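To begin, one chain is listed below as structure tokens, in the form predicted on its own.
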Amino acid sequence: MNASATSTAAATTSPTNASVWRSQLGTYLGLLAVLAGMVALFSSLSEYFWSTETFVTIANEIPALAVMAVGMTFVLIIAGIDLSVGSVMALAAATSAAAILQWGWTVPAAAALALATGLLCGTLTGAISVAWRLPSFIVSLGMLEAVRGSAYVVTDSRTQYVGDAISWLSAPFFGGISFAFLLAVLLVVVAQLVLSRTVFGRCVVGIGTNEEAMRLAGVDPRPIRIIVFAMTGLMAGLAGLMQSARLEAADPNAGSGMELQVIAAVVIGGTSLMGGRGSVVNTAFGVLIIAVLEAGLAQVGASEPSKRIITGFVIVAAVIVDTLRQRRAAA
């Protein structure tokens, strides 16, 4: 991968640094304002919301969603999509549980198997999409069904209770905060640095912005696309471990529909569905917004249908606001 060629391609396909920084700052402030407004609203509606217990609970429930959203950010930046992450999470949890309960594996070996399972699934999705030039939407939709079926086969369609074998991952570590949350924060920081400070990150943005320009600059987008999908699968495998640790069980139905939550968090964070623009830090804000919204609606007694309706409108409103802001910035 040629760094100078990448820089040349990025210069011809990206806005100036000053405009990028202004855009990022506006996004940060906007997401922070939305998050603060939601916290203030639910604190006024429920006397129990503004409490350490509520915030610790939110923090300990979001790691699986957060790490999958990290991978999805990269996928959307290259103008792809991966609908299989929820199913991959379930299969990774299922394989680790089977390794511990049925095959007598040690916990580290079972955890490595879960990560390898996610990595393999993501690699297959990316490789098939690239090799046959198929839309990642279609390939990942097929993987969603195939992987979910595999999770049922591995667990014999029953929840596998692993007990406290990997509960250390979700156990309180500092101030009630779990190690899984701290790991998710670390991954957000590392992924943002990779995206914004490395040649690989510039290539990811360049491919999403103008893939042909990157190709003419001497950068082959195919291996980068495969790596991005592989990384997303790896994050889903890690999410499976986090989910199993929190529930002390591997449920073949786990993560059903979670891919929509993941995509929603990334989109709320301002990542473009058309590719070429995104931030992992902004995605983390999107995860927090969804988590606070769900926790707040639960505390004020909103019904499940009402929660889904409100969440849907919030997602659409976030996309509309971000689109209008980008149009003003480009004008």
Partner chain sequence: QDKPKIALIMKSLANEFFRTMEDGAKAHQKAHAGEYTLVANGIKNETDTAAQIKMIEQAMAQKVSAIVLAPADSKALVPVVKNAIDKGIIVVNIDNQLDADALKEKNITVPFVGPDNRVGAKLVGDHLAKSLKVGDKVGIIEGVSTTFNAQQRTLGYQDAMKAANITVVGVQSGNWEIEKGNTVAAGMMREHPDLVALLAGNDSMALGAVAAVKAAGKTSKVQVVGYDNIGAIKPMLADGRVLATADQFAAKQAVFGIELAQKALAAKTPQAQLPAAVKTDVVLVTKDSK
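Take the two forms, find the largest set of C-alpha atoms that superpose within 1.5 Å, and that set is the rigid core. Not measured: the values here are computed from a predicted model. Positions refer to the first chain, counted from 1.
Not pictured, yet referred to below: the form predicted together with the partner chain.
**Contact stretch among 177-185, 106-114, 233-241, 162-170 - heavy atom within 4.5 Å of the partner chain in the model of the complex** = Selected range: 162-170.
**Asked** How about residue 34: is it within 4.5 Å of the partner chain in the model of the complex, going by heavy atoms?
**Response** No, residue 34 sits far enough from the partner chain in the model of the complex that none of its heavy atoms falls within 4.5 Å.
**Asked** Can residue 253 be called a contact residue for the partner chain in the model of the complex at 4.5 Å between heavy atoms?
**Response** Yes, contact at 4.5 Å.
**Message:** Test of understanding: in the model of the complex, would residue 54 fall inside 4.5 Å of the partner chain by heavy atoms?
**Reply:** Contact check for residue 54: yes, within 4.5 Å of the partner chain in the model of the complex.
**Item:** Interface membership of residue 43, the partner chain in the model of the complex, 4.5 Å heavy atom rule
**Value:** No, no contact at 4.5 Å.
**Request:** Can you tell me which bits of 237-252 touch the partner chain in the model of the complex, meaning any heavy atom within 4.5 Å?
**Result:** 243, 246, 247, 248, 249, 251, 252 sit within 4.5 Å of the partner.
**Request:** For residue 305, decide whether the Cα shift between the shown form and the other one is 2 Å or greater, given a superposition on the rigid core.
**Result:** Yes, because once the rigid core is superposed, the C-alpha of residue 305 moves 2 Å or more between the shown form and the other one.
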